[in-house]
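In structure tokens, the next block holds one chain alone, the form predicted on its own.
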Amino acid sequence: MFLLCASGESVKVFSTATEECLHALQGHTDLITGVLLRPSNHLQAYSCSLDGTVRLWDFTDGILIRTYSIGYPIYGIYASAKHEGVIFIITPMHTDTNSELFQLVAVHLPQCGEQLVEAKELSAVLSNISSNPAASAFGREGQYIVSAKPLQLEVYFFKKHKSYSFFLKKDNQKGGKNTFTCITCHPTEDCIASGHEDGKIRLWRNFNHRKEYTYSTLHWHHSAVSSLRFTPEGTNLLSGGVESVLVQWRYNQESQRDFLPRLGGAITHISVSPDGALFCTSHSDNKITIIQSCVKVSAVIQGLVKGDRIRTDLMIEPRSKALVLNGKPGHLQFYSLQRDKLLYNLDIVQQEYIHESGLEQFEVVMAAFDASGSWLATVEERKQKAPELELNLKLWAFDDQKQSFVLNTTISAPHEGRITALCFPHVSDGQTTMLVSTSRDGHFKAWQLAAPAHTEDEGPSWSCDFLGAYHSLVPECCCFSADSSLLAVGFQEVVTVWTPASWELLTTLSQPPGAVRDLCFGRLSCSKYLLGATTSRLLCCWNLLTCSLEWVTSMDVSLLLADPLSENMAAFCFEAGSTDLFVFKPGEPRPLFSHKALCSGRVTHAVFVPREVMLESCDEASQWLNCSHLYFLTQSMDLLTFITKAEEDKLTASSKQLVVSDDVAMTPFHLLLGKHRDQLENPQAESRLSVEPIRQPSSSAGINELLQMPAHVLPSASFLCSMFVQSLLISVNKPSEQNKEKEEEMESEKEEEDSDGEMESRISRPEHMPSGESGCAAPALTKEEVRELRRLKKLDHSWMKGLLD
């Protein structure tokens, strides 16, 4: 069974059994707002987008069938089997894209064979409706369509061509908020279920008459109901909300309920398979949960966990090369970039998170790994006000047996103020024994890994080794040099350089006015440079050999980072509402790469990810990507990266369908796959017996393509194996008789050589025949025809003699 999910500008097709992504249906140029199965063919699906198009897909093969151009942004799509050839979409009432007035429009899809079709027959059904797709639904096999406004329910009947409206008061007597949030309709009965902001569910009946309608109320959710869905038979009603609990109500027996709690983030959408065997919930943390009809989780598809905001930096865990950042509340997520899949969540806070707005809870705000991946440092805090701030600094050691991080040391109130920076020295060959933290209390601390004080202690732990300050200024950032021999700490407008060996202040660096908010040492041949971004929109570069300012340029740098495997540095600059990217070497005047208007808003999180294999052949504009990838996170929580032209071509080639060309080597797999095709191309060709072994090439494109196909789309292994083995066997009919005939022929060949010569001489033209009679002479027989005549000569015709007598 397949699961279709809108993901940005593409539709992802997942297998509900393996949780793997089978296809990514790409073609839209803006955000996809709806995905819908085609009522007349459940192997095809519609998708709509803000780009003003509706696309029809064959999602099993990942093929785009047709594109319908509407010309207006589309916010939702609906269809019914009763209205064949017609879809219903939500579009703005005015051409202005910022308009807050929307309408439901019926679109008659043209029936033609062209790839791109312009839909011209549009007719408005309902006006001034909500743009939320969950606020509209078809009812009772397409007889009517319902749309919910903030305090009004509107029902349009297609037979009557009339719409009835039902109103609610803003607040009821008990103070509840009656605002509609979502609706759904019973598949076979006249019943509408509506969800409301106060957590109540209302079941509307008898709405065929404007004044005689009734409704009953169900209540379990303590916050707004975000999604409702009836099962295909109409026996159950599913509801979900911020509590992350799926509630299953028995229709007409609402007192009987089933609950599935602790599903993760808040439930944003509920879907049911056409046969009712599976339920599906999507969550605010970018997760999809597949649930069996017996209310039991069967699979989880987890993408990059999306929270309210990312407080930590983007980090790479040195052991698994996984991307690490904030995940679920109180957790760090470890995400595999290669597999595009969540590996696991590490519980940092180790407290149950309560989904209630306004409740202050511990939050992971900072984290850092050492160079070898043996230690992880985290900072968690609660309460935003400084006098009531609670801080915890935790050190985690990697456990080889558990293959995860285990809590080693917890330091309560490590500083008197909020921690502003956290960093380990770059010691990759030896064991990490130091951690530095800076705080708004005006100090930076060096934490040292010390041996246990008593023999009965379990192991080493961390403690404060040095406390540093500079003229009561507040340190905002810190950074170790590439060889860890220097530590730079930015105290507002002053940059101080320390030696960790003796904690001696070596020098202070000056710059134009403005507080330093980011520091970064150069790498490799540029290790003598120290770069810093200031609040006065300046990027400064100091030469540590001369302790002087090397150069300064005017740019509003929101993020500065260095590639660990090269001299390259990346600066994300905010200008005119968008972010520009500059990649440069500190010792060269011109940037290696620049990209204007990379994305809207500020980029505050990015990371260089070292490649497993360094690229060799790369064009000049992309040489800065030879050693590492650059990933960055936008304000809309989209994780983006840069790729080279060669990598783009490789991705394009891998997305193509499996096509076996004519020049593929003759292999057993080719015989298995190309048997029917060859028979269609050469219907008169006869199979011939060959005793020569088939030469196996060192590498075959056909075999590679077949083995790269997903396992769930292939036949069973036993079926495929039997076909493959049969293709290797030599097909021989009646072997005993044929072998006997061959032996007789071989024995008689020598005995009848003379007779063969005589026969050939008789059928050949005599030399003394006149030239005029040569055209009437019989043509010479082939050797096979001679053998056939000889075989007929040996047949026993005595039975014919008996008939003649």
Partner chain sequence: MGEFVVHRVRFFDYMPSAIRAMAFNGSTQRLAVARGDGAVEIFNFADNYFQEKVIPGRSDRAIEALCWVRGRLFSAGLSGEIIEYDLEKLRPRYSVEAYGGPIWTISSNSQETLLGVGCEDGTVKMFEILEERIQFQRNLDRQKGRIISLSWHPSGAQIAAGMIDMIRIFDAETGHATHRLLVERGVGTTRNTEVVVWSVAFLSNDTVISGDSAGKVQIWDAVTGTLIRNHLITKWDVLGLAVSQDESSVIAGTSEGTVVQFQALASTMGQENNQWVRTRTFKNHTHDVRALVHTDTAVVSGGMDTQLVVRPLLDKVEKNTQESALRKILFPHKSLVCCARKAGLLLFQFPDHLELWRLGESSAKGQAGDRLPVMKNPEKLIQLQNKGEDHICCSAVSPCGSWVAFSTVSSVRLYKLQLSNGNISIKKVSKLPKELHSVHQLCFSSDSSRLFASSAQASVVVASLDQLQCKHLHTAFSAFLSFPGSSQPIHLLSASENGNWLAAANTDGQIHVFNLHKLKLHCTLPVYSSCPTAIAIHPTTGHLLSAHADQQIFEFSLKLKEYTAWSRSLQREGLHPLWLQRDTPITHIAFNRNKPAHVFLHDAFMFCIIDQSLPLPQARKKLYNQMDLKTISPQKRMQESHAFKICKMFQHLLSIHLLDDSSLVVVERPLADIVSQLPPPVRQKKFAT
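Quick caveat: nothing in here was measured; it's all calculated off a predicted structure. Residue numbers count along the first chain shown, from 1. In this text, rigid core is short for the largest set of C-alphas that superpose within 1.5 Å between two forms.
What comes next is about the form predicted in complex with its partner chain, which is not displayed.
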query	finding
Partner-proximal stretch of 249-257, 635-643, 333-341, 232-240 relative to its partner chain in the predicted bound form, 4.5 angstroms, heavy atom	249-257
Its partner chain in the predicted bound form: contacted by all of T535, R611 and W624, heavy atom 4.5 Å	no
One residue of N206, S554, S485, Q292 in contact with its partner chain, assessed in the predicted bound form (non-hydrogen atom, 4.5 angstroms)	N206
Q403, T188, S525, T499 - the one with a heavy atom within 4.5 Å of its partner chain in the predicted bound form	T188
Q115: touches its partner chain in the predicted bound form, heavy atom cutoff 4.5 angstroms	no
Interface membership of K159, its partner chain in the predicted bound form, 4.5 Å heavy atom rule	no
is_contact(F582, its partner chain) in the predicted bound form, heavy atom dist at most 4.5 Å	no
Heavy atom of E212 within 4.5 Å of its partner chain in the predicted bound form	yes
C-alpha of Y470 off by 2 Å or more between this form and the one not shown on rigid core	no
Flag for K402, CA shift 2 Å or larger between this form and the one not shown after aligning core	no
Is_shifted W204 between this form and the one not shown (CA, 2 Å cut-off, rigid core)	yes
